[in-house]
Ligand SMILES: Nc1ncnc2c1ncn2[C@@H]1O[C@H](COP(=O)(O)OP(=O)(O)O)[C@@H](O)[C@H]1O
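Presented as C-alpha cells, the chain that follows is alone, the form predicted alone.
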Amino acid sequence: MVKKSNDYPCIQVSNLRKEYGVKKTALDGISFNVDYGKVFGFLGPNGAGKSTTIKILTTLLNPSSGNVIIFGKNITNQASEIRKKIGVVSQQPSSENNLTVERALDLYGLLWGIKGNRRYDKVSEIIDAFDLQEIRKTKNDELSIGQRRRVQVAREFMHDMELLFLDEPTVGLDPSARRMLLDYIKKQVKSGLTVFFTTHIMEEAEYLCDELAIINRGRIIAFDTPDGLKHKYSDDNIIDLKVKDITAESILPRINKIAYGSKIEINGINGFKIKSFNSQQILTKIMEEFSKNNIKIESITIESASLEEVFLNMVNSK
C-alpha cells in the first residue's frame, strides 16, 4: 500500500439519504469526509443507520439521493472500479465451512487473482500475523466462534486494498485476539490503508480511530477526534481528591456544602470522587476552603468523562 497525496479525501459523502418506502428514512442527509491513511470510526446505537451507510459505501445498495465519491469516483456509475480497491468485513459470520483455514485463505487469494508463489507467501504471512498456526489445517466448521471471526477478518488481508470497511470486526474475539487485530490494523494504516470502522466498544474506538462520527436516527449528531468529543460534549468531569492527615468522613459535610448537587463518593480512607458539570469552579472553592482551615491535600486530579459516557449522553438525549 502506498500513501496517497491526493487533494481530495478517500471518501466524500454529501447529503446522503436512504428511504425505504414512504414512512421509513434510514439516512437523513448525512455528510462527512474520510481522509486517506486514517481510521474513521462510525458509531451509533442499533438501527441508527450504520449498516445502511456501509452497504451504500460498498456499492451494495443505491442511495435515494445525495452523492458518494470514493477514490475520486462516483459510486453510482463507477462501482466496479471502486470494488477492486476495497475490502469488507461484515457483521454476519462468513466462512468456507468444508475448507481448512489454510485452503480457505488460498482460495480467497485465488479469487482476487493472486498467483503462484506470491499467493503461497501471502497465506503464510497472514497465518503468522493472525496467529493461526495451530488451526491452519483445521476446517472452518470445526472452529470456535472466535476463531472463525479471526479467520474471517484475516482473509480480507489476502489481497491489496486501499480502503477497508470493518463492521464490528471484534465480535466474538477474546481480549488478546482483539488487541492483536487492532494493532495489526494500526500497522496497516501506517502503510497507507484507510479504514472505515464501526464498533459498540468505545475503548476500541478511542484506541484505534483518528476521527469519529456519531449517528443516531439517520443523522450525524457529532463529529470530532475522540479527545475532541470528550472535551466538547462531556457534561461531567470527575474530581479525584485525597487529603492528608485527616479522614474523608470527617470533612464530608464541608464537601457536601461546597459541591452541592454533585455526585460525591468517599474513595478509601482519605479520598473523594466528585462528579460535577462545573468541576473547575468546585475545585477552586475546595482549595479556598481547605486553605482557610489548614486541610492539606495529598493529591488532586480532574478526569474527563469517558467516551462511552459521552456517547450514551448524546444518543439518549436526541
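Since we're looking at a predicted model, the values are computed, not measured. Counting begins at 1, following the sequence as shown.
Another form, the form predicted in complex with the named molecule, is not on view; read the next lines as being about it.
Only one of the listed residues (G261, G268, G47, P253) places a non-hydrogen atom within 4.5 angstroms of the named molecule in the predicted bound form, and that residue is G47. Proximity to the named molecule in the predicted bound form, taken as a non-hydrogen atom within 4.5 angstroms, holds for one residue of Q188, T138, S124, Q91, which is Q91.
Contact check for K296: every heavy atom lies farther than 4.5 Å from the named molecule in the predicted bound form.
The named molecule is not shown here, and in the predicted bound form it never comes within 4.5 Å of any heavy atom of I30. The closest non-hydrogen atom of I282 lies beyond 4.5 Å of the named molecule in the predicted bound form. Contact between A26 and the named molecule in the predicted bound form is found at the 4.5 Å heavy atom cutoff.
The chain is drawn here without the named molecule; in the predicted bound form, the stretch among 284 to 292, 245 to 253, 48 to 56, 65 to 73 whose residues come within 4.5 Å of it by any heavy atom is 48 to 56.
For the stretch 98 to 118, the set of residues having any non-hydrogen atom within 4.5 angstroms of the named molecule in the predicted bound form is empty.
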